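Before any questions on how it binds or moves, here is one chain, the form predicted on its own, in structure tokens.
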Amino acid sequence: MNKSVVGQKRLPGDLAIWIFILAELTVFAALFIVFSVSKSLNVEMFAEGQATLHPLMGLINTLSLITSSFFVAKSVLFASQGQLAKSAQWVWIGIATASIYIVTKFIEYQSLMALGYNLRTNIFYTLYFFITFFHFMHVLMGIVILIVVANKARKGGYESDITGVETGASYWHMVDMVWVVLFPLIYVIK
């Protein structure tokens, strides 16, 4: 079992995922800066655009992803205890909870587009759709990674080394953390 030596600190998962996470966070940080600067240059347009968003849906998405991350964290705990079947179950529960985000985001996109808003409406909607869809694609990729982790855990594939479970969880927590910043930036802060 891949367990940390008492008192020894290490990053969970594979080093490559942390390099990837750092690169992804850099891209999201750049997008957040572009959004913030554009907002400061177009205050009225951004306020009008923000008023058309659905903060309740954004809150549902936030709760969905935070809850999903909690379940994925529980799966890592069970994997570290050698309980791979339970680990797989918690990953599947995390995936199911994250699916609420997918459905809610589709509904939100559909309702905005039905009102005539799209990437070409103005800079607010260009950035809104681009940033949230970029995050949406990360959620989908994270779900695919979690499906692979859950299937491998169910088959006992992490008996001697849980690095794969930690790696998938680390990526998933990054996706969650980005939304926790994205939600207030785009939906809440005036």
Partner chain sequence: MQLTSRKLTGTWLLLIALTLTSAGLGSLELSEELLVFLVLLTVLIKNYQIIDVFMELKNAPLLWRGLMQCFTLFIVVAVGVTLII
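Residue numbers count along the first chain shown, from 1. What you are looking at is a predicted structure, and each value in this text was computed from that prediction instead of being measured.
The same protein also exists as the form predicted together with its partner chain; that form is not shown, yet it is the one meant from here on.
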{"query": "Any non-hydrogen atom of residue 160 within 4.5 angstroms of its partner chain in the predicted complex", "finding": "no"}
{"query": "Contact label in the predicted complex: residue 26 to its partner chain, heavy atom within 4.5 Å", "finding": "yes"}
{"query": "In the predicted complex, residue 59 touching its partner chain (heavy atom, 4.5 Å)", "finding": "yes"}
{"query": "Residue 74: touches its partner chain in the predicted complex, heavy atom cutoff 4.5 angstroms", "finding": "yes"}
{"query": "Three-residue site 9, 18 and 33 fully in contact with its partner chain in the predicted complex at 4.5 Å by heavy atom", "finding": "yes"}
{"query": "Interface residues of 42-67 toward its partner chain, as seen in the predicted complex [heavy atoms, 4.5 Å]", "finding": "59, 62, 63, 66, 67"}
